[in-house]
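Presented as structure tokens, the chain that follows is alone, the form predicted alone.
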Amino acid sequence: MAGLSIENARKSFGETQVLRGVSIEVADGEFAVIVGPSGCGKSTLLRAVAGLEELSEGRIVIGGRDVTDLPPSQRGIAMVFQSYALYPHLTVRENMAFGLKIAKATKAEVDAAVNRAAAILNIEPLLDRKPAALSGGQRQRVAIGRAIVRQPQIFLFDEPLSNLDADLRVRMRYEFAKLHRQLGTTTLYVTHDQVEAMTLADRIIVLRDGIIEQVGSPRDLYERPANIFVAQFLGTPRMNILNAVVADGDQARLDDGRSLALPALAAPIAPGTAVSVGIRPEDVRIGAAPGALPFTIGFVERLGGLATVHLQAAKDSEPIACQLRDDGSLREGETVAALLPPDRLHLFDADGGALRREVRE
């Protein structure tokens, strides 16, 4: 195993800059996930690490060795693609063995590596089948098995679950987590799905327009987002954002004229300053309480045990979402009191950057 260092990676296609000076450190044995919207440059970055794209500028270092100018076969990596990329005319065993045979491994070495990987992934009964006879999940396991047999220093995954149905994606996330615990191989995983990122990663790298917005553990990014983009990208339903102006004391005035208590901040804000107030749907509390504001229920999404309630201050206003246990009592058109607790609020400046809350011992 080995760590990975990406240093000032830049990539342009003609006049279009896709990567704008990306630097990432992935520790030995770490599961790091690059997440971001489509077109942000995450797959281009992964392909550059694999040697499938040439950087315009920057370095790729694996295990302390500069591999920037080396071909993929000499980088000590194994990559699993979104499309599986299996040879349809070969059996599962032959697909998994293909790379080792090209590398001139002996038959005993090939058989031992394939059998070990098949046992890890529980696909021994599939070894004599061809890809056409496999389900999507089974094909993905074979693609992972082909990567495992090479015993790489680093695994690279490019949106490996995006072609699977919702239920299978959930089960495969568990398989990925279990596999990483078992093998401990350094992993760089790319996805646009924030649920995959939150459930799999030791550390998340949020990428937007070829620039890193924030790096940290899933909990750090969820509880302390660096800006509005990260705050709303991570979390389902996404964080509510309300426009407000700071008033005297610890109050802010919302666009609809109502007052809202603010959390204590590390640095005071002058009255009249425009801010954005964020609160996650699970932190909105419905029920009478000091400081609660009246809202009308515009729509209720019932999801079995949970409900997402969309609350409106006025008929044409932007609703805010509240997520809570569904007891069936809430009805559309009903007026309810909702509390936005000050200690659960996030504040952002006019540029969308997070304002630090006061740290209390």
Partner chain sequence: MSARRWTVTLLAALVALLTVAPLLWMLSVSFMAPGEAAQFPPPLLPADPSLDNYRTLFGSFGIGRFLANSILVSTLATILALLFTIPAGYAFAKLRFTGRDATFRLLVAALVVPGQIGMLPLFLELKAMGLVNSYAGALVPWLAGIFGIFLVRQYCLSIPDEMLEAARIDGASEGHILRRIVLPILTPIIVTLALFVFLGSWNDFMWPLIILADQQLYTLPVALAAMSREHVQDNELMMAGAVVTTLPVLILFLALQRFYLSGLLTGSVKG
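Residue numbers count along the first chain shown, from 1. What you see is a predicted model; the values in this text were computed from it and never measured.
Note that the form predicted in complex with the partner chain isn't included here; everything after this is about it.
Undergrad: So which of 264 to 272, 74 to 82, 196 to 204, 110 to 118 is the stretch with heavy atoms within 4.5 Å of the partner chain in the predicted bound form?
TA: Going through the listed ranges, the match is 74 to 82.
Undergrad: Counting only non-hydrogen atoms and a 4.5 Å threshold, tell me whether 52, 86 and 146 all contact the partner chain in the predicted bound form.
TA: Each of the three qualifies.
Undergrad: Among 136, 99, 184, 216, which has any heavy atom within 4.5 Å of the partner chain in the predicted bound form?
TA: Of the candidates 136, 99, 184, 216, 99 is the one lying within 4.5 Å of the partner chain in the predicted bound form.
Undergrad: Answer with one of 150, 180, 141, 280: the residue that has a non-hydrogen atom within 4.5 Å of the partner chain in the predicted bound form.
TA: By the 4.5 Å heavy-atom cutoff, the listed residue in contact is 150.
Undergrad: Evaluate residue 47 for contact with the partner chain in the predicted bound form, applying a 4.5 angstroms cut-off between non-hydrogen atoms, and reply yes or no.
TA: Yes, residue 47 sits close enough to the partner chain in the predicted bound form that at least one of its heavy atoms falls within 4.5 Å.
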